[in-house]
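Before any questions on binding or motion, here is one chain by itself as structure tokens, the form predicted on its own.
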């Protein structure tokens, strides 16, 4: 049966919008503001410039756009769009809580509802792998950028990174099943798996849709070729997160598989701090390993003058 991937994306992300920040540990604070800025500075090879008109595509709850705005003087005017009305509402709600002005609306990346040559910069995070027609998406980004404007996309799964992530998820789940059968304890209580189809299993209703909407994994060199064919110049990529991503998938699998009563504040604190420490280690070893081993692709593209 033929599936409307765009509609599937809309339904899935509408459902996820209320849970998304807690599910992925998304925060809006000084530490994350610096982390997001540093992520893009890795691509720029320079300090992040002031941007007068910034568009975040596939904005979700506003992770990269709103955190960039928390850096004083970095962004003049923030615009945001997403295929999901629920995500647009979540982004606006987060912006209101943070005291940040954002003009957000529902719009597909392959058909952006903005005029030509409108923005100085376009950014996105974990959006490209959901898009059916990547070439068309690049052409739309090119259209709405002013001449000389740049686009930076982050958080896109590499082919190797996704393979390692699947190993981490599957092996962790099997270990958890065995551990719970043997009567193991977690968080000071007997470890118990969430029951499928119950309120204790928030992921159960969206597992099938999530499989559908995660369309692509990437070989960065191939994506760069598509961007050049779409009309961009000075296209380049970096990657990030190897150990932090692998351990991150283990901890997320535990979070999504064990009962809420097993997941203590101490556990979540350990997960966050371990991720931060491993991210720093990843940065140190990045220069010594092939970049495509790392989980997330970062892509830089510039519109010709």
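Note that the structure is predicted; figures quoted are calculated from it, not measured. Numbering follows the first chain given and starts at 1.
Keep in mind that the form predicted together with a small molecule is missing from the display, and what follows is about it.
Visitor: Quick one: is residue 110 in contact with the small molecule in the model of the complex, heavy atoms, 4.5 Å cut-off?
Guide: Yes, residue 110 lies within 4.5 Å of the small molecule in the model of the complex.
Visitor: Can you tell me if residue 40 lies within 4.5 angstroms of the small molecule in the model of the complex, counting non-hydrogen atoms only?
Guide: Looking in the model of the complex, residue contacts with the small molecule do not include residue 40, since no heavy atom lies within 4.5 Å.
Visitor: Hey, in the model of the complex, is residue 126 touching the small molecule, heavy atoms inside 4.5 Å?
Guide: Residue 126: contacts the small molecule in the model of the complex.
Visitor: Do residue 92 and the small molecule share at least one heavy atom pair within 4.5 Å in the model of the complex?
Guide: Output for residue 92 is no: heavy atoms all beyond 4.5 Å of the small molecule.
Visitor: Work out which of the listed stretches, 180 to 188, 163 to 171, 83 to 91, 145 to 153, brings a heavy atom within 4.5 angstroms of the small molecule in the model of the complex.
Guide: Flagged stretch: 83 to 91.
Visitor: Please pick, from 235, 121, 78, 131, the one residue with any non-hydrogen atom lying within 4.5 angstroms of the small molecule in the model of the complex.
Guide: None of the other options qualify; the answer is 131.
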